[in-house]
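Okay, here we've got a single chain as structure tokens, the form predicted alone, with questions on binding and movement later.
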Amino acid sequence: MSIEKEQEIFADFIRSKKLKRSEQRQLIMEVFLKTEKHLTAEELYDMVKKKNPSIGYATIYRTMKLLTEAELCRELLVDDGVTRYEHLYDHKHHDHLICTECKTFIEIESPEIEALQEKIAKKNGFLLTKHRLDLYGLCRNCRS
């Protein structure tokens, strides 16, 4: 997976905010984008710390906020109060099944759900611009 386009988008975004390019931000972004997982800031911190022990939690949080604002990732808030981050740029739209016990995320794509949402919106004279569907329950492993 190439992350060159995301790097370019982020560099343009950083310039537009009149922020300086930072090696720490760059490393955090690269580690995040090379990991196809719904990461917590703590998990990302542990991964980044192996490459640069001087990076702190605050830098992780600030960088993830910038990546979110740049629309390269999005925050996923789960009922446990822990924010997770997932890639957004150039990823197909999907919804989630989220296990309330082990916090596993299962990505689902359903044309039927998408069509139903459009139908409901149209019936109510509503123009959908974006949406997110998270379904909570117990995964197969936690039910056993």
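No experiment lies behind these values; they were computed from the predicted model shown. If you superpose the two forms and keep the largest set of C-alpha atoms that fall within 1.5 Å, you have the rigid core. Heads up: residue numbers just count along the shown sequence, starting at 1.
Not pictured, yet referred to below: the form predicted in complex with a further copy of the same chain.
- Task: Select, from the options 61-69, 28-36, 96-104, 42-50, the stretch whose residues sit within 4.5 angstroms of a further copy of the same chain in the predicted complex by heavy atom distance.
- Result: Result of the contact check: 96-104.
- Message: Although the partner isn't part of this model, could you tell me whether residue 3 comes within 4.5 Å of a further copy of the same chain in the predicted complex, counting any heavy atom of the residue?
- Response: No - in the predicted complex, heavy atoms of residue 3 and a further copy of the same chain never come within 4.5 Å of each other.
- Message: Given that a further copy of the same chain is not shown alongside this chain, does residue 110 nevertheless sit within 4.5 Å of it in the predicted complex, heavy atom to heavy atom?
- Response: Output for residue 110 is yes: heavy atoms within 4.5 Å of a further copy of the same chain.
- Message: At 4.5 Å between heavy atoms, is residue 90 in contact with a further copy of the same chain in the predicted complex?
- Response: Residue-level check for residue 90: no, no contact with a further copy of the same chain.
- Message: Whether residue 19 contacts a further copy of the same chain in the predicted complex should be assessed with a 4.5 Å heavy atom distance threshold; does it?
- Response: Taking the distances in the predicted complex, the answer for residue 19 is no, it never comes within 4.5 Å of a further copy of the same chain.
- Using a 4.5 Å cut-off on heavy atoms, which residues of 64-83 contact a further copy of the same chain in the predicted complex? If the 4.5 Å heavy-atom criterion is applied to a further copy of the same chain in the predicted complex, 64-83 yields 77, 79.
- Do you see a C-alpha shift of 2 Å or more at residue 115 between the shown form and the other one, with the core held fixed? Yes, residue 115 moves 2 Å or more.
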